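Only one chain is given next, in structure tokens, and it is the form predicted alone.
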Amino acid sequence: MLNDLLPGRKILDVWSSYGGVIHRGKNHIKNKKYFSQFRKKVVGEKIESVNRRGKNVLIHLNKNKTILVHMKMTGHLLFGKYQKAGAETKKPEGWEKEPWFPIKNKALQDPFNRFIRLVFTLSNGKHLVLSDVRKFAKVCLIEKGEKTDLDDLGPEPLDKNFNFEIFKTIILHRPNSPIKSVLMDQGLIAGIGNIYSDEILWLSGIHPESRVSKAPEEKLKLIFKNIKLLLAKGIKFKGDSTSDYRNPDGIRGAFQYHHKVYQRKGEKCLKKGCGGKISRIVVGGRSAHFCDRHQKKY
């Protein structure tokens, strides 16, 4: 969606409220000194394209500069017309204490979107802003030849070249690990999070604690198929807004209305004829929801 909105727009200014002594020396905009240099390097640049790598949004300015935004657990990027507040400015309800607020757009004016920490002023009179309630997000500038965390990410599961043989080879790098932890390892496969891993394993009928090396090949093939199926479904429904995520227009995604297992602890399994119940355990430090009957442990 951002790639439909941003290309061709020039960055006229950048504002941020991030900061704090804890971030001194860090290579991201929460370090005030870094932000000052970041601002100088991006103001005046034109946005060429936007894409995603794993859970990172990449805003390409030219062949040498890319803005990386990792929204972490609580951030989301919004696009629209915003105004910086003055002493006598009348603001939307719920935005009384905020330094920036959206104009006219009712979805953007939802108080849920009010935690504006970063604002890019664009040449078309609109703004790209980052709402980040818990201030976990990371924003930095990548310049040509610079090594970044992106270099350590695994392949994109929706890439047309990502086939079953590649998938099998990759996950067998951790043969004795729980399958859920392996699916969520961004260094093995990029972009599968907690919600999608639960849904993939439920649909595939395999317990999240199953060891990779013990899972039958037919189950691995089913997992591979359902990775592509459910991630594509997530895109179709414009993301999952169980928690903080919102689309750039401020509207919730809809994948959460199609959950079969995630956060359904104690409820009846939705698989036809199963009769099981959804349980919750912790696997590798993350919650895992599964059916106690049809999801087999290997």
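These numbers were taken from a predicted model, which means no experiment stands behind them. The first residue of the sequence shown is number 1, and the count goes up from there.
There is another form of the same protein, the form predicted together with the DNA; it is not shown, and what comes next is about it.
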Answer yes if any heavy atom of residue 207 is within 4.5 Å of a heavy atom of the DNA in the predicted complex; otherwise answer no. no
Residue-level contact is defined here as any heavy atom of the residue lying within 4.5 Å of the DNA in the predicted complex; does residue 9 satisfy this criterion? no
So in the predicted complex, is the DNA close enough to residue 149 to count as touching (4.5 Å, heavy atoms)? yes
Would you classify residue 34 as touching the DNA in the predicted complex, given a 4.5 Å non-hydrogen atom cut-off? no
Considering the DNA in the predicted complex, which of 84, 144, 90, 97 comes within 4.5 Å of it through any heavy atom? 97
Within 4.5 Å, heavy atoms only, which of 167, 196, 79, 120 is in contact with the DNA in the predicted complex? 196
Which one, 219-227, 101-109, 158-166, 126-134, holds residues whose non-hydrogen atoms are within 4.5 Å of the DNA in the predicted complex? 126-134
Sequence-ordered residues of 41-80 touching the DNA in the predicted complex, heavy atom within 4.5 Å: 55, 70, 72, 73
